[in-house]
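The form predicted on its own is given below as one chain in structure tokens.
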Amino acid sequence: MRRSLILIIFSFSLIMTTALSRQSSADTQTADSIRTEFLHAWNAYRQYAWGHDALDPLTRHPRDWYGASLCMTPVDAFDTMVLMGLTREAAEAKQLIVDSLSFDRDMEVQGFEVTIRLVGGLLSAYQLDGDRRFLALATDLARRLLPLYSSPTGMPYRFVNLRTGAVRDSINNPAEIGTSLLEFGLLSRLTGDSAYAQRAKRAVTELFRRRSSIGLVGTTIDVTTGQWVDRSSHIGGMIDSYYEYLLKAAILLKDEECRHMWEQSNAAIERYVADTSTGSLWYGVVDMESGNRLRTVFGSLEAFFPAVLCLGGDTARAAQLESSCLRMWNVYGIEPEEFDYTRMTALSPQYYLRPEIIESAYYLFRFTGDERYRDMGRIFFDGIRRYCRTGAGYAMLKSVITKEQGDRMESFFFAETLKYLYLLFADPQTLPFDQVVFNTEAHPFRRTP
């Protein structure tokens, strides 16, 4: 295993050198265009929604998730601005964050979303910028999230009041249960307080312990009883980042238990969830106990999996799946939220400006150096710009079939979609890929000792 890891690292270094030498003027021009579009969206946010969580781009109205702002967009966008070299914009966002962001609020929040966006964004900002006020904010928020883990099983509830610690909603899912390993693990390393890592690790261990006899998890589980509620299994929303974090925690935190859990889970996924019945590789929905196929549905969220397969060393399978993702994108010129891969038609036609298919192209390019993944990136960028651009930022699509726009521009558009697009075409030394692990919101965490 150790010898194989050395060979992988050596091969990766050669690929990085090759990729760097291939940086062309066309790639630089594309990166500049993506930066321009970031500024188009950011300036719209700054004009119409400054200090709020998000901008609704069609009505040009500000929107806050919980009635008062938690600076979702500035926190999510900060590290992207730093990587793009947008010094003035980053400085303004930082000033807004340190001056106005407070978590001492009588406000109920969803643990998963504020962990990946805010704790993750603040930790990344601290590592990139060095200002300990970012770390202090991340620590304060994480401390207020700890009551989530007070269930009898140690798996978290979904919602918590930031001031009172009151929790609710015991019906949770693997993604929300497992997606704090990186944020809380890194926070424990940076602060020396092991409480955060311990809570996150126990939750994942308890979830893994409740997998089925064939090694799969279901979609929802009651964290008070430990009993499964929805036994359908897949790699999509409500499960996706659980698998992602098992492998990434093994890499970032050097956690061999997490590596073992990833390897066991991936073996079950490949045996039961993968579907090649159409002649292409897809991942559908199965029963967690029997492995019997329930639905032939794939979608924009499932498109994260090629990136994870790359991290796990299976670039061949990752390339197959990304080719399927590209076919899904090309049916309508942009990907739908849910897609029946046997009929090649949209089931849920929305496009929420999601990044996962771009993320996977970025990983595949970094691991293989194959220029076709930059070609894919241009296809994705052109489609988003053609159908989603508005006079005030970018809008999601209500339908990829009709291309009717909807009044939403989520903060992950800044944190993930535009960041992965930019990094795909920017000089690889903008962010040395082998020195960071991205959380599921694309916030890069430095691999600290």
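Keep in mind that what you see is a predicted model, and the values were worked out from it rather than measured. So that there is no doubt, residue numbering starts at 1 and follows the sequence shown.
There is another form of this protein, the form predicted together with ligand DMJ, and it is not shown here; the text below is about that form.
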Single option in 204, 72, 141, 116 placed near ligand DMJ in the predicted complex, where near means a heavy atom within 4.5 Å: 116
Ligand DMJ: the contacting residue among 176, 79, 356, 322 in the predicted complex [heavy atom, 4.5 Å]: 356
Distance check, residue 412 to ligand DMJ in the predicted complex, heavy atom within 4.5 Å: yes
Interface membership of residue 416, ligand DMJ in the predicted complex, 4.5 Å heavy atom rule: yes
4.5 Å heavy atom contact, residue 301 to ligand DMJ in the predicted complex: yes
Close approach of residue 329 to ligand DMJ in the predicted complex, 4.5 Å, heavy atom: no
Which of 217 to 225, 192 to 200, 363 to 371, 116 to 124 sits within 4.5 Å of ligand DMJ in the predicted complex, heavy atom basis: 116 to 124
